[in-house]
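One chain is shown next in structure tokens, namely the form predicted on its own.
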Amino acid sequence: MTDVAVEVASLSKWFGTFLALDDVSLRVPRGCSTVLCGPSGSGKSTLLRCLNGLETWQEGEVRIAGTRVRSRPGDLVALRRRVGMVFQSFHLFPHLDVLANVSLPPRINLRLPRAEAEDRAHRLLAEVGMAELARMFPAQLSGGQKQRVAIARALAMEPQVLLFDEPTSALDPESVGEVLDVMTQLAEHGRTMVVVTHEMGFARRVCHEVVFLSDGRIVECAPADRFFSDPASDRARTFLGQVCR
């Protein structure tokens, strides 16, 4: 198995005439957590969505665990068995309880028997502190609880890479802490994670590497301690001065 979990090579993406990603190259080692940060509109979420095949691009390529990401439907199904994604707005099924939300993906995509999928779901819900709420429905949960269920659902597919797209931006401060605690545990257990976030305290404390984007380009890529203590670019210094007050 390759030691590189995610590899992006010379990736460029246009929306019409707007260049959203400009010759982006990136490598994420297996077992490492990487934060994508930068000002709004810098291309962070677009890059993340390319890693899961949710966006197509015009130039370059993406590889997950050595396998090239392609836009053909069969290839995308296989890709999403290897890549889990946690969205800002949860995307839980409102008509299913918590247990079913977590156990359904491996039943459908991995063909797990119902009992095995539910056993896995119970274990993962316990890991994210949601075991006692397994029979609740999404409408009965707080935002932080919904996001922890969404994390458990992503983990249920046993992905090689976890992607997080601003997972705390819609949450109240207390819920932010709950979700970041779960993500910290995942990082400490060696999960490969790529995280778009403005939570710079989490990035500094937990993540191995910070990738700073501006205007669709990677301006800086550095170990977290070096990025926060001695950013190499004026643009990154300005950004940190604004978000780390």
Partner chain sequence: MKTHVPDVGRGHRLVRGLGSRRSASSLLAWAVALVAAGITLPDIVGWALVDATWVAEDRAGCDPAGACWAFVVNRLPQFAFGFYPPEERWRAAVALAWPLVSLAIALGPGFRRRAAVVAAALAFYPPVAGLLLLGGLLGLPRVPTSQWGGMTMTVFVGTVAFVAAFPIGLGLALARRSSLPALRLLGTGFIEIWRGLPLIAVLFIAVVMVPLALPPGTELPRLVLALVGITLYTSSYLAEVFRGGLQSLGAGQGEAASALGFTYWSAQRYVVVPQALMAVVPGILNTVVALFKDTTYVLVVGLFDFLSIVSAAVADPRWLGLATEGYVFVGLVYWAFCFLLSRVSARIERDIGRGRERGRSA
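This structure is a prediction, so every number in the text was calculated from the model and none was measured. Positions refer to the first chain, counted from 1.
This next part talks about the form predicted in complex with its partner chain, which is not shown.
A.B. asks: So, a 4.5 angstroms cut-off on heavy atom distances: do all three of Met85, Leu92 and Gln140 pass it with respect to its partner chain in the model of the complex?
C.D. replies: Yes, the whole trio is in contact, each within 4.5 Å by some heavy atom.
A.B. asks: Is Arg123 one of the residues lying within 4.5 Å of its partner chain in the model of the complex, judged by heavy atom distances?
C.D. replies: Arg123: no contact with its partner chain in the model of the complex.
A.B. asks: Is Ala117 near its partner chain? Define near as a heavy atom within 4.5 Å, in the model of the complex.
C.D. replies: So Ala117 does not count as contacting its partner chain.
A.B. asks: Against its partner chain in the model of the complex, would Ser45 count as a contact residue? Criterion: heavy atoms within 4.5 Å.
C.D. replies: Output for Ser45 is no: heavy atoms all beyond 4.5 Å of its partner chain.
A.B. asks: Since only the chain is shown here, I'm wondering whether Gly144 would be in contact with its partner chain in the model of the complex (any heavy atom pair within 4.5 Å).
C.D. replies: Looking in the model of the complex, residue contacts with its partner chain do not include Gly144, since no heavy atom lies within 4.5 Å.
A.B. asks: Just to confirm, with a 4.5 Å cut-off on non-hydrogen atoms, which of Ala154, Leu99, Leu171, Met130 contacts its partner chain in the model of the complex?
C.D. replies: None of the others qualify; the residue that does is Ala154.
A.B. asks: Name the single residue among Met200, Leu54, Val219, Ala65 that comes within 4.5 Å of its partner chain in the model of the complex, judging by heavy atoms.
C.D. replies: So the residue touching its partner chain in the model of the complex, by this definition, is Leu54.
A.B. asks: Can you tell me which bits of 97 to 119 touch its partner chain in the model of the complex, meaning any heavy atom within 4.5 Å?
C.D. replies: Residues within 4.5 Å: Leu104, Pro105, Ile108, Asn109.
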